[in-house]
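First, one chain by itself in structure tokens, the form predicted alone.
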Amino acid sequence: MYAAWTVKHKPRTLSTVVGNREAIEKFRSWVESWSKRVPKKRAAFLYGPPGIGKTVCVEALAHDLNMELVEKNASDYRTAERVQRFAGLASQYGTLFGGRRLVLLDELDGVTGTADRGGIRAVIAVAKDAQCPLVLIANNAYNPRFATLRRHCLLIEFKRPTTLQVIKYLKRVCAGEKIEAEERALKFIAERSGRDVRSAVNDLQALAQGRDRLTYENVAWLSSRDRKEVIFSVMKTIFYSRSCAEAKRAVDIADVDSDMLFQWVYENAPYQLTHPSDLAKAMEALSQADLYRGRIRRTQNWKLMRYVYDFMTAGVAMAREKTKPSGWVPYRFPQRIRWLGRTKGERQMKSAIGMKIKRKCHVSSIVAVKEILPYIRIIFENNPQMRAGITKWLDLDDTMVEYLTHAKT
């Protein structure tokens, strides 16, 4: 069974958390101060971009100090009653065996929506009267809704780690997975992730899956993307949605074009839908989407694009009926996109030579590449005299000649 590397290699102690040493030390000192007396600020507010280790830091500290961690997602406790029922009670009473307790409300940003009915006010009340360390986590502590709450909290900012720190952590993950990785490859992943540690590890797992060696060439084709909604979240939305409307939301959050999204869904469908009848239905939906893609290319009628999106999102999502959960299955980068990335240089070279043939032979560049170029290649490999004449006639440069001479048939 597959396991997410973000979970498998999660730091267990503060010494292994990536970056933010000053913030971590400030947090540790505040928690340890509770053993002497109740501090003036009874709540710590950890904030910063997602994926940089805020929650991991709290979990690791609880482990290091042998504290009981009571952890909940704040977005599930949006009303005053529910916040008080969990955080209020947990922060007032000790553990069963007299140990120390640490109460964590994660993703506090989720309490700021329209469903919030007194939730923030309840958190403020708990922060004023907590009898054990209360930790709040959000991406942005300076949301206007948190203005009053901030006055009762010790604010601790977490920043993105440096590229070198992310690379060091990725090396540790690779060592644990017995993968030999080039420094350039890990640097590329770290930079493309925007130094988001969680995203970097997810990318590493997807790129290194099934390999014992990871080179720069294996990762160089990976394009930059908006970390707010990575492609893995898009795939999860499509393959696990329970309604058509929910599945179609994937189009709104996707950071890739329709052709790239199609390749992602097509590549991953056999791994996510393991029951034959479910997979058959999904492939039928994708075939319908592909028909509309072809029609759009021929007619340039872009109004048909909505049918492409409907079939490859809602159509695929509704195909899941008999597939049983089988643990976490990693999403795979499309092999076609991987191949296009590796062969980009060769395709550009063929296109450049095809344009020269087109001008001399008065044919389309497609015909030039498919029907004429193979014969020129044979001539270049076997007849130096004719090669010199054709080179001059087509005005080929040295790199083109080298390509035609050494290219494999």
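Residue numbers here begin at 1 and follow the sequence given. Keep in mind that what you see is a predicted model, and the values were worked out from it rather than measured.
Same protein, other form: the form predicted in complex with a small molecule, not shown, and the subject of what follows.
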The one residue among Ile52, Ile353, Leu61, Ala43 placing a heavy atom within 4.5 Å of the small molecule in the model of the complex is Ile52
The stretch from 378 to 386, 30 to 38, 362 to 370, 44 to 52 that lies within 4.5 Å of the small molecule in the model of the complex, judged by heavy atoms, is 44 to 52
Each of Thr6, Val18 and Asn139 having a non-hydrogen atom within 4.5 Å of the small molecule in the model of the complex: is that the case here? yes
Under a 4.5 Å heavy atom criterion, is Val197 part of the interface with the small molecule in the model of the complex? yes
Requested in this report: May I ask you to check whether Tyr169 falls inside a 4.5 Å heavy atom distance of the small molecule in the model of the complex?
Outcome: yes
Exercise for the section: Consider Met67 of the chain shown here, and say whether it contacts the small molecule in the model of the complex, taking contact as heavy atoms within 4.5 Å. Expected result: no
Using 4.5 Å between non-hydrogen atoms, is Val56 touching the small molecule in the model of the complex?
yes
